[in-house]
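Coming up is one lone chain in structure tokens, specifically the form predicted on its own.
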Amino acid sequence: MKRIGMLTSGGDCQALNAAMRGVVKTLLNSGEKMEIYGFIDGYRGLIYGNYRMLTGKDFSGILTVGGTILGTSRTPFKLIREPDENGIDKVEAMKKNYKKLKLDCLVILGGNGTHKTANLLRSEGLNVVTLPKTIDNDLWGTDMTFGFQSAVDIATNAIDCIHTTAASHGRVFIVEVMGHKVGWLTLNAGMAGGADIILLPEIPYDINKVVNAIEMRHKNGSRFTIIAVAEGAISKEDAKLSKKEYKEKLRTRKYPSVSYEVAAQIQEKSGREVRVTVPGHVQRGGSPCPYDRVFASRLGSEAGRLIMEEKYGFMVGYVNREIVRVPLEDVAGKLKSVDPDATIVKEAKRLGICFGD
């Protein structure tokens, strides 16, 4: 009898349910007898012992369902060692509930912060297997994370829809894509949607070069310009600020986000009409795309195999088109950013896409 705990932590995304289903179906089809404890709202459920017993039926019919049947929440890693408002030691509480339920393994689905805590629990002696979830695709040790391709599809569709109105009115349109620290989502959606300018956190932009690119398009006969801007895009001037100075600027900035600041600067310098569209959390929602359904199922299947083999302390990743096992300690605390000299960036520039650098 295997006793398995399962939780989803951090921001939600498509294919969380598909990945959990993959784990459970693999174990059930192996003939393994098991009890499944689903912790509610991520690590919070593990800390406070909030869980419910699940059966195979709970995982039936959820392959195409977005979100997570377990609920999720953010439990910042930087606060994980600090007692809560009632003085509860979070790490000790998680260990206690793990042992109280006599779990053989904890299956954790999440992104960067989630993996830091998962690795901490591993170092504290808990058996852990993780699955890489994030629309940002910024987890170290895997070429792809589930949720990413679904978010690319949604962000691309937003850019596609903007094209017709931008062309009709001859405007500059900015589409703000999710991604505070890395630009994989904006880069891929921007290229797929035919954006003319792409601004990423990893490539600080010069607003004058952005305006020059817009003017050049106009001179060449283009009536409109589409700009894909990551939430965390940063100007060359701001990139020179210290972390503290930049945080203070963000706190006092009169614009809702960087996209509105860029829009104001373009209007001021060029006199052109600029509109901003923010798809926001739509990018996390809805059904997973077919790619993510297959991908998450494959990852879940390998996680199930790890449990059957009693091999713990791994994240199931994807490298060179193969499902792989990556030691958790190699993943935690590392960010997979867009290299400004990456092949895909160079290819985009050859296509005429401006990055403002």
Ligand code: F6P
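Throughout, we count residues from 1 along the sequence that is shown. These figures come from a predicted structure and were not determined experimentally.
Keep in mind the form predicted in complex with 6-O-phosphono-beta-D-fructofuranose (F6P) is missing from the figure; the text below concerns it.
Open item on the list: Partner absent here, but in the predicted complex, which of 268 to 276, 155 to 163, 133 to 141, 240 to 248 has residues with a heavy atom within 4.5 Å of 6-O-phosphono-beta-D-fructofuranose (F6P)?
Closed with: Of the options given, it is 133 to 141.
Open item on the list: So 6-O-phosphono-beta-D-fructofuranose (F6P) isn't shown here. In the predicted complex, which residue out of K236, H218, H169, H180 has a non-hydrogen atom within 4.5 Å of it?
Closed with: Of the candidates K236, H218, H169, H180, H180 is the one lying within 4.5 Å of 6-O-phosphono-beta-D-fructofuranose (F6P) in the predicted complex.
TODO: Select from the listed residues R253, K209, K96, R74 the one whose heavy atoms reach within 4.5 Å of 6-O-phosphono-beta-D-fructofuranose (F6P) in the predicted complex.
DONE: Among R253, K209, K96, R74, a heavy atom within 4.5 Å of 6-O-phosphono-beta-D-fructofuranose (F6P) in the predicted complex occurs only for R74.
Task: Within 4.5 Å of 6-O-phosphono-beta-D-fructofuranose (F6P) in the predicted complex, all of E231, H281 and R284 (non-hydrogen atom) - done: All of them do, each having a heavy atom within 4.5 Å of the partner.
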